[in-house]
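We give structure tokens for two forms of one protein chain below, kept apart as structure 1 and structure 2.
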Structure 1
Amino acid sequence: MSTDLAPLPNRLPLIRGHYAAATFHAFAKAFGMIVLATVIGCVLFFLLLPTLIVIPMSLSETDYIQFPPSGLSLKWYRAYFSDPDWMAATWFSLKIALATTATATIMGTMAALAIVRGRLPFSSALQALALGPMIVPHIVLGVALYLVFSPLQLTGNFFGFLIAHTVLATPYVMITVTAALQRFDPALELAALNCGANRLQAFVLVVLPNIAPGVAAGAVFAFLASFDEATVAFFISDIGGKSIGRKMFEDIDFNLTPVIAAVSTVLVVVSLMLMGAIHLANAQKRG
């Protein structure tokens, strides 16, 4: 925007030029906005497409993958739920995921308490170590766990999976619970002590109810981290015990059928429902 002080007659052409510039400017701005909106729209489409495409595919009538599907049917869901291999893998993974959720949530919450509220020697070292499984390539961890578990007959084994997935899922719990504890006003715990509560009562009756959203979010992340985990599961599964991730990996690699689309849809729906529940719980807490 020019604000020059030239006498008026001299300014007129400038003003006209200014209008032209302003029109061009507005046009360029609108054009820029359209381009930006298009780019962002494409990126969002790119992000969402692969998740959503599995749903119509799972409803296909044909044996081969076709898009758009020529007719609608639930036969692939029927195939999924009646296949003993798929069902075994699903139940195995579900059991592991539930047990992992319990251990990771309890251990992660305890460790977060020790780090935020305690006097812990080597506290930052423990923090770095506990977050390590998020950073170390999962293939390295998978190979390493196979080497250790194989001679102990812990491959394809519930406890083997539980150990591996607990290590992988705990960082999520620690991150959410640490954040919740840092938002928590420590004066509330002192007030509880002052009212005559001991440490345990203060934790159960005052601290826990106030950090519950963080703990719940951590638990959901832990569940998904286990249930959707595939790389480590790929190595520590065997014929006797196969997780749903390993089963899917095999089938995508060797035997691409729309059953996988049905399984994928089930996984997507479970994930979205859990995340939605967490979101609603948080929104309710705030509102």
Structure 2
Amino acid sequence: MSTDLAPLPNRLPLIRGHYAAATFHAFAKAFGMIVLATVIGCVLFFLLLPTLIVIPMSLSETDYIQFPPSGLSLKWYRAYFSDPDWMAATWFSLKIALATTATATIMGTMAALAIVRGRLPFSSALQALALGPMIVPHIVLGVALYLVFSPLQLTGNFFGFLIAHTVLATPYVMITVTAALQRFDPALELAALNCGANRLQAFVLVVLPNIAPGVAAGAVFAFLASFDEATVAFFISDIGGKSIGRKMFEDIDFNLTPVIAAVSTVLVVVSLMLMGAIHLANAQKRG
């Protein structure tokens, strides 16, 4: 007798089996999602834990780094903002980061246009070469730049830092602008050219507004890559010009106080504010 035509009492075991299998499958799926969410949460917590610990450490009352802090105070932030050495290093890094943002954004955008739109031979090899500063360890780049800059007297001055940080920051801009250009419809640019616009006008009036989020994101990454860069700065700094990263290294070695945690917290806040601004700008553009 066919199972479909069997009396209901005879089909009850089969129905119970299907129900049990469906229940087990739903339970296994829910359990797997819970385990996955737990693992992801643990990984994110592990990555964020050092940053979260630095914030209360910067509010310590003691003259040494302590966690948890025995009391809360803002004296280390006051010490940071009132120390002329810290302020000189901060303003020096800020000037370099702003200049690096401008140069890296222009160069990275031009490189992305050449790679995506240009019919260059070995474009994949050129792209890999342009991304080299992200792959090569920064300590290797630091040694190489020091050996090149030292005879040219570019160590410890603005232009030396600008060249070095532009090399480090340009790949970030190139990646984000390349992604934006690949999503952009070339037919829009062709329509502008057919309407009488020249190449420059088509780029400024049509292409650039559409890839602006990618350019802005690359500019933010370039700024952050320059402002808190420490490894290369350790090699190309001197007494005349010292970045905030180099200053932090020196204080960790010779004067370890919670002011280091205060400076680190300031850098974290600046980074979060910039990334939040980019996110809000992109959300408003999509809206």
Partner chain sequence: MSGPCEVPQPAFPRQRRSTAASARFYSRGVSVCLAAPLVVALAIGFVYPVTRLVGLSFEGGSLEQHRRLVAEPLYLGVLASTVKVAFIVTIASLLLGFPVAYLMARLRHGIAMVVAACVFIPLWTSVLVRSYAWVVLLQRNGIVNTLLADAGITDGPLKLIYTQGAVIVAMTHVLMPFMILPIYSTLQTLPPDYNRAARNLGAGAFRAFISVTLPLSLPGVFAGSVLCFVLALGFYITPALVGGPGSMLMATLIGQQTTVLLDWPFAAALSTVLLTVTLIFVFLFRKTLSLSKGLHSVH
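In this text, rigid core is short for the largest set of C-alphas that superpose within 1.5 Å between two forms. These numbers come from a predicted model, not from an experiment. All residue numbers here refer to structure 1's sequence, counted from 1.
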Worksheet entry | Form predicted on its own - structure 1 or 2 | 2
Discussion item. Please determine whether the C-alpha atom of residue 123 is displaced by 2 Å or more between the two structures following superposition on the rigid core.
Written reply: yes
Worksheet item: Core aligned, does the CA of residue 32 move at least 2 Å between the two structures?
Response: yes
Worksheet entry | Rigid-core frame, C-alpha of residue 41, shift of 2 angstroms or more between the two structures | yes
